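Given as structure tokens, the chain that follows is alone and in the form predicted alone.
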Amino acid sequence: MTKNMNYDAIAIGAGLAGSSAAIQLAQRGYRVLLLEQSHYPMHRLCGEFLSIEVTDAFEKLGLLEQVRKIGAHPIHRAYLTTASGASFRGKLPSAALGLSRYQLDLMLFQRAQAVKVDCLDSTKVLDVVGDFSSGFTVSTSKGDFKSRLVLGAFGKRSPLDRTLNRKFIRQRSPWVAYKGHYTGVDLGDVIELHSFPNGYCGLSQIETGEINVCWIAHERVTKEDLDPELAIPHSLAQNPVLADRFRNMQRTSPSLQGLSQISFALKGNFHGDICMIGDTAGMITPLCGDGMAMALRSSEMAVPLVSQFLDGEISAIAFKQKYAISWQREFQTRLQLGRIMHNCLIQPPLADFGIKLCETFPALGNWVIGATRGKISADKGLKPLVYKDAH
């Protein structure tokens, strides 16, 4: 079935970046289509940790009160360990939040529907053809849709990347990640990051009281024998604190979610004339805990330029240049620092040296934590995002 519907913009992917961009464009009066291949509500592979800068984004999206009411879990401190026993306890620059993607993505999708975005889930995008001058045709499992502009927000790695023949997809990546929800331990207001040979694992509490456990490792770790007691690869069990966590936790997720060939390469702000936002443009290493906030922020940066282009206020060339410059200015330092930290934490000798250095100079450790995330909005009058006290 072919749809002869014309839109100002089509956002491919209804995660944080795609849904938030669609909401903002609809709030500006544009006709927007939001496409999602999966069916809501659903879980996504994610650390489910939100830096404080999301407060301003939620306010603009009309979701601040809803996030507050759902009981997003406040997180104020960080705890880092290595397999040899080195550890560092630091402070986050401001209160962060633990909130499941199951809840947050659904809230965003429903908010998009409320502001009159045409929303289609269970809809696979098969191809995108076109450009700024002639317009775009997005072919899907539910027909073809036309638009003046397309936003790519289809995540870390997608079959559509291969269909479009994006450069990064041709380069093999050895990184794999797994995520699940657990009960049995109470982390309070702490996010934990535990290093092990060839990888690291993050733990933080979400609004349900469950612990989100998300680990990333070189693919060789997945080929190891499992620890007979803990049922995790041997490398993870080498970190004594992490092993103790798994010893006391019980998984509540029916199964673990996994993703392979995760790329930390800069993927490009545009592919042809398709504007990329969120992880589709570039992904920060998970240890930084800033990926969700960056996805929301990237849509905030793109939308004003999209609006100016659609209204004929700037040219296609100016749109591309301005977005690339703002994206680089906002994210490049964080991405580079994240890759350095990633490369250190997966190597036990470097991980030990780095964590011990932070132990000796706590101000350095707290600076690193703060340098890998965005800044709090200078706007005044925003209430704290959560009401309940930290543990």
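Computed from a predicted structure; not experimentally measured. Residues carry their position along the shown sequence, with the first being 1.
Keep in mind that the form predicted together with a small molecule is not shown, yet the notes after this line are about it.
- Figure note: of the listed segments 157-165, 111-119, 180-188, 76-84, the one touching the small molecule in the predicted complex, with heavy atoms no more than 4.5 Å away, is 157-165.
- For a residue to qualify, one of its non-hydrogen atoms must sit within 4.5 Å of the small molecule in the predicted complex; none of 67, 98 and 332 qualifies.
- Using a 4.5 angstroms threshold between heavy atoms, residue 283 counts as touching the small molecule in the predicted complex.
- Under a 4.5 angstroms non-hydrogen atom cutoff, the small molecule in the predicted complex lacks residue 328 among its neighbouring residues.
- Proximity of residue 38 to the small molecule in the predicted complex: non-hydrogen atoms within 4.5 Å are present.
- At a distance threshold of 4.5 angstroms between non-hydrogen atoms, residue 33 is out of contact with the small molecule in the predicted complex.
- For the options 322, 44, 339, 60, the residue carrying a heavy atom within 4.5 angstroms of the small molecule in the predicted complex is 44.
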